[in-house]
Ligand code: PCA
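Only one chain is included here, represented as structure tokens and corresponding to the form predicted alone.
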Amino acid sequence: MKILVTGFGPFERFRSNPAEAVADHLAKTHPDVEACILPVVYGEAGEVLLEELERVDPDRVISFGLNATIGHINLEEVAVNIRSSEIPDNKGRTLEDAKILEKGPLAYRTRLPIVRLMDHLRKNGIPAKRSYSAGVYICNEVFYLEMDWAHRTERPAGFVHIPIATEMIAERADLYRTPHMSMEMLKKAGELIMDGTMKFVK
């Protein structure tokens, strides 16, 4: 069983990204897991993802991204065929109402068992919710392309948003009121999501 996990590198005002740390942790602690860290750049993130899907040919895919407005785990339900954001990517570009795939459907739904994963996390002390919008930034772009691949290959895949790590804000007084979660708990959440994906998906 081969599992691909993806995360993102630093972006905007964040010098580190907990999504990268979670993906690397899962790869280092599980021999059947490979991690891919995607650039926070429109187009390039999707290109790297598709190259890794082709190279690894995984049986499962779990992607992680940072949402700095939440203090819990967001299990994403829906990816939309839209790229639009006032926040520039790491090359300074912004897009407005651009399609991800010109002939793709408006939306894809995750192929992960969201409700069961949510219950699995909560029973193990991790706050988690279902989310019906992954936004329209680069996380959503990756989610959409991943789901296009998942529907074509009929393989389980999905996207998870995680909060800022507590350790990231220790020296950032401007972020003290920002919701956050300890890195230890974020890694535990990653483990539980991967464990649940293996248990609940045949």
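As the structure is a computational prediction, the values presented were derived from the model and not from experiment. Just count from 1 along the sequence shown to find any residue number.
There is another form of this protein, the form predicted in complex with this ligand, and it is not shown here; the text below is about that form.
Exercise. Any idea which of 166-174, 60-68, 23-31, 47-55 reaches within 4.5 Å of this ligand in the predicted bound form, heavy atoms considered?
Worked result: Flagged stretch: 60-68.
Exercise. Any chance residue 149 has a heavy atom within 4.5 Å of this ligand in the predicted bound form?
Worked result: Outside the cut-off, so no.
For this session: Evaluate residue 139 for contact with this ligand in the predicted bound form, applying a 4.5 angstroms cut-off between non-hydrogen atoms, and reply yes or no.
Result: Residue 139 belongs to the contact set for this ligand.
Exercise. Could you tell me if residue 157 has a non-hydrogen atom within 4.5 Å of this ligand in the predicted bound form?
Worked result: No, no contact at 4.5 Å.
Exercise. Of 39-58, which residues get within 4.5 Å of this ligand in the predicted bound form if you count heavy atoms?
Worked result: Only 40 sits within 4.5 Å of the partner.
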